[in-house]
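In C-alpha cells, the next block holds one chain alone, the form predicted alone.
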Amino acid sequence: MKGENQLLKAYSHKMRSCLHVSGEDAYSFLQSQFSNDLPKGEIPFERYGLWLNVKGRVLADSVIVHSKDEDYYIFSENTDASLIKEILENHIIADDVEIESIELSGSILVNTLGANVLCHKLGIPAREAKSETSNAVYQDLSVGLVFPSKRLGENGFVFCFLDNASHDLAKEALEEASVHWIGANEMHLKRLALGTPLVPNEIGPNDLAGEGNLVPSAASLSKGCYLGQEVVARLYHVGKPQRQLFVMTFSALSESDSIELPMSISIEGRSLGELRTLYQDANDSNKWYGVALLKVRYLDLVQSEFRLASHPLDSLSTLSEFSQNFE
C-alpha cells in the first residue's frame, strides 16, 4: 500500500490509428459515415462509434475528437490507420475533405489524478472530465492531443503524444508519482465491466453491431442516415439477432492449458459459435472469462455440453448482463 498515491492509475498503449480530417465538409462527411451522432457546432467533443458497411457489418471502431474549427481527429487502438483511411476515401465523392495519417509516439490513459500530474508536468491547463466543455479536449501540435475517457471505469483522459520527448516526460512524471500501471489483461476486464466488445477481435467484419451490445451506445438509433443505419435500426426494432456475444466463466482453468483462439464451438456436428478471446481473473489465477459469439437457439446445448480444455462452463451470460454483475 502506498497511501493515496495508489489511486493514480495509468495504461500505456499504442494507438494503431490517428487520422486528421479537415476541410469545409469534414463534419457533414464524418456525420454521414460514422455510426454515432456527432455534436454540431464549435464545442469540442469526443465520441466513440463504428465504421459499418452497407450491410451493417462492423469494419472498425474509433473515437472521433473535435478540437477546434474544422479539425477532427480519428483514433483507433486496434485498427490500422490505412484501413480506416481507405473506408473513408471510398465514400468521398465531391466533398471538400482531406484525410491525413499522423504517427503518434505513444498514448497514455490516466484517471483524473494522473491527468493532473501530466498537465502540471507538461504545462497544460488542468482538464475537466466533462464532455462537451471547452476544457475537456486539448490540442497542441507541439505536444499532442488530450481527450476524456472513462475506460478505466472512472473519469479520466487519454494523452496522445506527437513526439518522443513529451511521451518520455509524461511517463517519468507518472513514475515519480508512484503510478499504478495497468496491464493489458486488467484493461480488458475493465472493458468487459463496461459492456464494450473488442473490435475487431470480438465483433468484426462478419458481425453486426447489434450482436455485440453496441446499439444504441455506439450505433445511434436517432441520428440521420449513415452507412449501415437501416440494418441497425431494422434489427433493433423489428428483428432479433440470431447470434449474440456472451461471456463464458471458467472457475478451474489452468494457465498452462494450451488454447488457440479463435476457437470454433461445435457440438454433435452443429456449429454453435466461436470463442474469440480469453482473459484471466485479476484475483483468481484459475478463473477465466471467455468472450464468444454464440447462436442464441443453442445456448442450452453450449451450457450443458461445451468443454474448454476438458473444463466445463461455470456460468454463461450476455455481455450486458456480465457488465452489470461483474465486480
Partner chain sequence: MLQDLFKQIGADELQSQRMASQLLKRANQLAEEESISEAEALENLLKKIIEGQK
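Just so you know, these numbers come straight off a predicted model, no measurement behind them. Residue numbers count along the first chain shown, from 1.
In what follows, reference is made to the form predicted in complex with its partner chain, a form of this protein that is not presented.
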Distance check, Asp95 to its partner chain in the predicted complex, heavy atom within 4.5 Å: yes
In the predicted complex, Glu89 touching its partner chain (heavy atom, 4.5 Å): yes
Asp314: touches its partner chain in the predicted complex, heavy atom cutoff 4.5 angstroms: no
Touches its partner chain in the predicted complex: Asp25 (any heavy atom, 4.5 Å): yes
Location of its partner chain contact in the predicted complex, chosen stretch of 240-248, 171-179, 199-207, 96-104 [non-hydrogen atom, 4.5 Å]: 96-104
